[in-house]
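First, one chain by itself in structure tokens, the form predicted alone.
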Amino acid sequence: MTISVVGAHWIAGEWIPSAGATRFEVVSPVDGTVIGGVPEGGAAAAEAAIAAAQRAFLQSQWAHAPRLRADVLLAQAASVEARKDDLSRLLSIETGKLIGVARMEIAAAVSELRYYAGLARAIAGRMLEIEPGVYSHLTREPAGVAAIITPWNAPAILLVRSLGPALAAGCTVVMKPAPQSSLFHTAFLRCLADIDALPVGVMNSFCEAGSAGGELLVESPDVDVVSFTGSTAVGRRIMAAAAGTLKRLNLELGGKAPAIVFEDCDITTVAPQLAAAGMILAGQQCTAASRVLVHDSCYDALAKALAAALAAMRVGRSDDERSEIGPLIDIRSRDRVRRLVEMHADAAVLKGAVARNLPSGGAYLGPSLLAVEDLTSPVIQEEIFGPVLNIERFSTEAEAVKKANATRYGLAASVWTRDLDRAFRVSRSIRSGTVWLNDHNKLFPEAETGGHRDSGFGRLHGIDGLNEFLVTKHIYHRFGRVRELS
């Protein structure tokens, strides 16, 4: 792998020198080579970043300058767009994301920044005359210092969908990326920070392989909002740790997205769409299709067609334009998914194997299709985060809904039918933050996403994403009392 990148911290308007600091290595899942090193920030870097963000919030005009915030967001969008090719390549190499998907993610991040630039200038309160001459002025103000903790699987868009509304609202921020995507985060951040109009301390970031800095972000009384995307287990720990300071939380956690396929579908059309929906980022996406619930009458046909569609997908290097499934994030993840498939080999319609003729150090695994019906099985109840789909039967619409809601997750789902009345009826019955009709994995800056139950709470994207970083203040004033006219 012909790439060598150095990660860094960005605190109080400066890139923090990493000479002599403890460093961790980043390994590419494409071929197992070390592609760069990152300084370990830990609690010291987190503390410095929080202090810089708090100073900027209290002492600069950022919180009160919507036009400045809009201009900065637009400049950030232009900066990212100008470097999209280099960013896409690094994203693909570091995380194993297919190069075409990496390009789409960078484009989506640019779109998101522009969307929130527009909303920055449209934040409005309201005035009420409670009684003659008595007014309540309700303002919408930034919540304060926001901590944004992001995963590795979509490090551009999952950062920007929190960063965009936080900046638009007038918050100052501290960012902490996943260690597996710290190199990309540093390169992406250079685009965001290279804006002359950006006040010092408004944006801060540190990297770490451990958790000391992240724990400080959650526990610090100087952090007002934590926006976290990641596993349900870590989300629970964040909730418990944040209780001491009663800070606002926005948590998007795991998913187990069901796709409900009714008998009126064209199986030959639906099967490849479901295969693609399940194999996005080799299944390592919280909204990826995970369970395929299909009507009894077309179960056999769909199982056969889906297995064929999965088997035909090309497993290959993420930087190869011909690849349809890239590597998992690391060897450990690949082996974990492989063991799960082996444990359920008796239910395998298609069993994925470690791919041949690819770099031996890469984390490649072919797709699997299981047919597990036991609703208590970990195949159905747990997030696999790998290239595995499970197919299940149902006989009635009510049974389909009951099975779709049979897990603690409620992030995303899809319904496949030509009957639009049924599509809307079923979509309203599924306990999920997003339901797609005859499609899957369609996400937009304008449309909110978020979960129920173990998939977390709060919403990102859209207007509600901005509201996650705003608070309402009531200002009372008694003036201009109306006199009785004679």
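Keep in mind that this is a model prediction, so the values were computed, not measured. Sequential numbering from 1, following the sequence displayed.
Keep in mind that the form predicted in complex with a small molecule is missing from the display, and what follows is about it.
Residues within 4.5 angstroms of the small molecule in the model of the complex, judged by any non-hydrogen atom, belong to 381 to 389 and to none of the other stretches in 381 to 389, 301 to 309, 101 to 109, 337 to 345. Annotation: in the model of the complex, residues Arg69, Tyr115 and Val202 none come within 4.5 Å of the small molecule through any heavy atom. In the model of the complex, the small molecule lies within 4.5 Å of some heavy atom of Thr150. Taking non-hydrogen atoms only, Glu94 never approaches the small molecule to within 4.5 angstroms in the model of the complex. Under a 4.5 angstroms non-hydrogen atom cutoff, the small molecule in the model of the complex lacks Asp320 among its neighbouring residues. Taking non-hydrogen atoms only, Pro165 never approaches the small molecule to within 4.5 angstroms in the model of the complex. Note on the partner interface in the model of the complex: the residue among Ile280, Ala178, Val315, Ala271 having a heavy atom within 4.5 angstroms of the small molecule is Ala178. With the partner removed from view, the residue among Ile195, Val234, Val134, Ala355 that has a non-hydrogen atom within 4.5 Å of the small molecule in the model of the complex turns out to be Val234.
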